[in-house]
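Single chain ahead, by itself, as structure tokens, in the form predicted on its own.
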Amino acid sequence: MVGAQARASSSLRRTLARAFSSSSISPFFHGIHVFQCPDSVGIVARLSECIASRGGNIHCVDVFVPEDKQIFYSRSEFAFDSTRWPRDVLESDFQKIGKHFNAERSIVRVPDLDPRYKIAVLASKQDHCLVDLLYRWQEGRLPVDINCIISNHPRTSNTHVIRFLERHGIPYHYLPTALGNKREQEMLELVEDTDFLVLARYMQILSGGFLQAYGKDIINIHHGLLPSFKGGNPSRQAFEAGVKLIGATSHFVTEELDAGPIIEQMVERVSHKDNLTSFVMKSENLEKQCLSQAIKSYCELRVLPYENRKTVVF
């Protein structure tokens, strides 16, 4: 009960802060729209006209059309007056444009009005990515609500992670795995009410059955510039290979190990002066930054699927 009260109190504080910072001061809101459809003449004009005709003001537009494919991608940011353009009418207007251009994707989001994305975080023994995500969430740097943490590794009540979770009312579910039993059915029940999952150094391979049953996006973090150094202990693999640039890759999870579409990559230079400890420390810092940036980009509708194994990231 205490955990539930803490969780409700924390959620209420964030909701009130959002309301005070936006609707209580001004009826103007920030909107985001992403669009994917067969390329044709007049798409940008039609989108711009839609926003302008409702009194909206476009702040930026990114457009991508591949050289060898007639596919149109765009992402627009705009300000609008909710008294002149109510949220439901805004949604309807963009849906009509989507139907007109036979769009595969037409998504609009108003961060200060729409519910936050609900996520669950899966983690194993290593804490660095999990702790970093929790800190950024606490500071309001990630536009998500964390439903729960799931781990195949036990953490005692006196650890920093458990104390943090208890203070904020976030459930921690310890599901030890064994050969032939990855507890995936229990995991599916725990993550049913989420919008996407984050693997914060979760060292278990999710089965194709789990991916199909969940049916939503899952974001993973991997040490190294994929496709190099797949599998276990990638830091040691890279160290022993004597690489001069290390990296981190955040990608979507697919049935093929560490081969999903890439969302974000970051790099840092290393040298012969680095020992394994300093090498791993630099690597972990990259992993934290790369994963948080991938989540932020995803929530801001910057990531669109492109072909089978690629992404457009605006």
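In this text the structure is predicted, and so the values were computed from the model without any measurement. Position 1 is the first residue in the sequence shown; the rest follow in order.
In what follows, reference is made to the form predicted together with another copy of the chain, a form of this protein that is not presented.
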{"item": "Location of another copy of the chain contact in the predicted complex, chosen stretch of 190 to 198, 124 to 132, 101 to 109, 88 to 96 [non-hydrogen atom, 4.5 Å]", "value": "124 to 132"}
{"item": "Contact label in the predicted complex: E264 to another copy of the chain, heavy atom within 4.5 Å", "value": "yes"}
{"item": "is_contact(S26, another copy of the chain) in the predicted complex, heavy atom dist at most 4.5 Å", "value": "no"}
{"item": "Contact test in the predicted complex: I58 vs another copy of the chain, heavy atoms, 4.5 Å", "value": "yes"}
{"item": "4.5 angstroms heavy atom contact with another copy of the chain in the predicted complex for T177", "value": "no"}
{"item": "Residues in 34 to 53 with any heavy atom within 4.5 Å of another copy of the chain in the predicted complex", "value": "D39, S40, V41, G42, V44, A45, S48, E49, A52"}
